[in-house]
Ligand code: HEM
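The form predicted on its own is given below as one chain in structure tokens.
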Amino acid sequence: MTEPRVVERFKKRTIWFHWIHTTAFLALIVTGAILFFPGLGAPAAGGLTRLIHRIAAALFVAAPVIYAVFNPRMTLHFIKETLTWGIDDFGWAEAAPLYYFGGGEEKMPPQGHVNTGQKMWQVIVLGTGVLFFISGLIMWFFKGTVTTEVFQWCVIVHDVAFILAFLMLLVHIYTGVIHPRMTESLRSMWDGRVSKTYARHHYGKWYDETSAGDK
């Protein structure tokens, strides 16, 4: 019998934001690849790809801004959570390689609302997001104003940020969707809930804190 998923991990507004932002990023990946490799040909004809890329970029920037305006406390918590690292994070990083390749769970230190791997992903999202915004803004609106050298550096920064974000996205997809030990991760991004066992095993510190009032 499947254990009911009754522990809330994500609010509905967070889930909506996640998928809107993800959709925009996927559109940026596809259109960015077409623009980066002109030989792909037909899809870039008539500037349609560039237009879609810019629309997706506007959505990619607007989504977190709108979310932050309407959810300032959750946004600040997200940033604090991403930038707060402790001994459990180093313990997770040391034990994770063996664990993710089938080793025992006993050496994995208890984690907070997000584990260390998810923090790494969030650091990449925040860091590359800033780089995307600054370099993209200059390339879009100041192409005829800045020097050729500045423009070329913006292109390089934009491309490097993309490579970092794309590689980390692949890891994020694997650990959140494909890995057999993370079966509830994707479902939690649809309805916001996980089972008690899953919460206890993957986010033990957070689960103990949130369930303390129920004891």
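Start at 1 and count along the sequence shown; that's the residue number. All values derive from a computational prediction rather than experimental measurement.
Keep in mind the form predicted in complex with protoporphyrin IX containing FE (HEM) is missing from the figure; the text below concerns it.
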- Would you point out which of 85 to 93, 68 to 76, 104 to 112, 128 to 136 contains residues with a non-hydrogen atom within 4.5 Å of protoporphyrin IX containing FE (HEM) in the predicted complex? 128 to 136
- Message: Can you tell me if W16 lies within 4.5 angstroms of protoporphyrin IX containing FE (HEM) in the predicted complex, counting non-hydrogen atoms only?
- Response: no
- Message: Taking any heavy atom pair closer than or equal to 4.5 Å as contact, tell me whether L35 reaches protoporphyrin IX containing FE (HEM) in the predicted complex.
- Response: yes
- Message: in the predicted complex, is there a heavy atom of protoporphyrin IX containing FE (HEM) that lies within 4.5 Å of any heavy atom of L169, even though the partner is absent here?
- Response: yes
- Message: Just checking whether P64 would be counted as a contact of protoporphyrin IX containing FE (HEM) in the predicted complex - the rule being heavy atoms within 4.5 angstroms.
- Response: no
- Message: Heavy atom within 4.5 Å of protoporphyrin IX containing FE (HEM) in the predicted complex: which residues of 7 to 23 meet that condition, in order?
- Response: R9, F10, H18, W19, H21, T22
